[in-house]
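Next comes just one chain, in structure tokens: the form predicted on its own.
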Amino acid sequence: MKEPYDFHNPNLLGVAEQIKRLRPLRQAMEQADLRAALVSSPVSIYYLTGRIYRGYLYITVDNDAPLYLVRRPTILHGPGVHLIAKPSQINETLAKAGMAVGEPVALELDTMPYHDAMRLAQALGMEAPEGNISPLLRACRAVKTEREKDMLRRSGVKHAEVYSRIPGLYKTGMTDIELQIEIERASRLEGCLGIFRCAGLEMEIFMGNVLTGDNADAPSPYDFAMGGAGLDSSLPVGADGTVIRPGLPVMVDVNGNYTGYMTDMTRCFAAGTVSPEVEKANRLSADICAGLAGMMAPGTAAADLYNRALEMAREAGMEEYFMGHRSHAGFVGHGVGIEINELPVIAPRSRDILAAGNAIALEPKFVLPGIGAVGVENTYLVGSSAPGELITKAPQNIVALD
């Protein structure tokens, strides 16, 4: 049974870990000539405090300790905690805490609605927002601390354990959604938190994606590697009720959020024997992952990884099916952590450079018309030198369901 956390403590990270996360952010703020910032999104508040509350975290480049401006829950208390009911109380609260008032304050403009941003800016005495802290937060979150890496490793262990149970969940005649529901149940019983956080206002998914047959070739409006028509036009991605037929691959890409930090992993399963073409595509996907992991050293351009993946697909005569068929994804990997699509982005025009502490999911997948989606996805940690550390250690071959 998990121990309950301290419901009253605003900082569940502890002082030392919080400083490790705040220090690079404050340095980035200073370089960007931002003296103060209000952090407000649940993801960012969780990253910097280890918990989620409604309100703001006030950060300055001159003060090690942040202020917790809390609207809910009102049971939080301790050093730096100030309860507020509305944004108009922020300046008064800052003044009482001995902070400068009336100076420009950066906001999370990538995630905040325009109306909220204007209201908050005016409450702080600004005519309009004068700085965006969002890009700096995303860059800092891309480099994981040792505690964050440990949480990712623990998610990876549980993720692999659930995948090992998938063959036992299958029953002849199942549809893709029926199998997905059983996988979701096993995941939740193993401790999966259920929530699948995605960055971006146009990204949404439930607990993952299970694809088989021609549904894998159905384009989705979302920026995921694989699409699928889904069960309803209100969520057009993933399983659509296709019956799992012998010989067709079943691609499983489901939620790995067991600690608040998510691993991303895809494996292929099949009832009956698959064709040599399917075996070839899956083996090529695993080979690409291994090849790119061997390039994962600090200072490597993310675009170089993508270009090498495309080169390997082209050399194998599989470029037409690489990262889709009717619709091709424009990337082959992405950062993971609190959200499933963090930095760096492994794409041809990416300007990202790998750094020690990055957590990267590689997903070089293929869609074979009339057959389905094939390939693996692995999560790696970038260390001080190549190769990247594999933390999703499930078998990468096509696993028999029957």
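Computed from a predicted structure; not experimentally measured. Each residue number is its position in the shown sequence, starting from 1.
Unshown form predicted in complex with another copy of the chain; subsequent notes refer to it.
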query: Sole residue of Val278, Leu120, Ala139, Leu109 within 4.5 Å of another copy of the chain in the model of the complex, by heavy atom; finding: Leu109
query: The single option of Met207, Ile84, Leu310, Ala286 touching another copy of the chain in the model of the complex, heavy atom within 4.5 Å; finding: Met207
query: Which of 349 to 357, 42 to 50, 61 to 69, 27 to 35 lines the interface with another copy of the chain in the model of the complex (heavy atom within 4.5 Å); finding: 42 to 50
query: Site check Phe224, Ser234 and Asp240: each within 4.5 Å of another copy of the chain in the model of the complex by heavy atom; finding: yes
query: Contact of Ala290 with another copy of the chain in the model of the complex (heavy atom, 4.5 Å); finding: no
query: Any non-hydrogen atom of His115 within 4.5 angstroms of another copy of the chain in the model of the complex; finding: yes
query: In the model of the complex, Arg314 touching another copy of the chain (heavy atom, 4.5 Å); finding: no
query: Interface membership of Ser220, another copy of the chain in the model of the complex, 4.5 Å heavy atom rule; finding: yes
query: Residues within stretch 187 to 210 having a non-hydrogen atom within 4.5 Å of another copy of the chain in the model of the complex; finding: Arg188, Leu189, Leu193, Gly194, Ile195, Arg197, Leu201, Glu202, Glu204, Ile205, Phe206, Met207
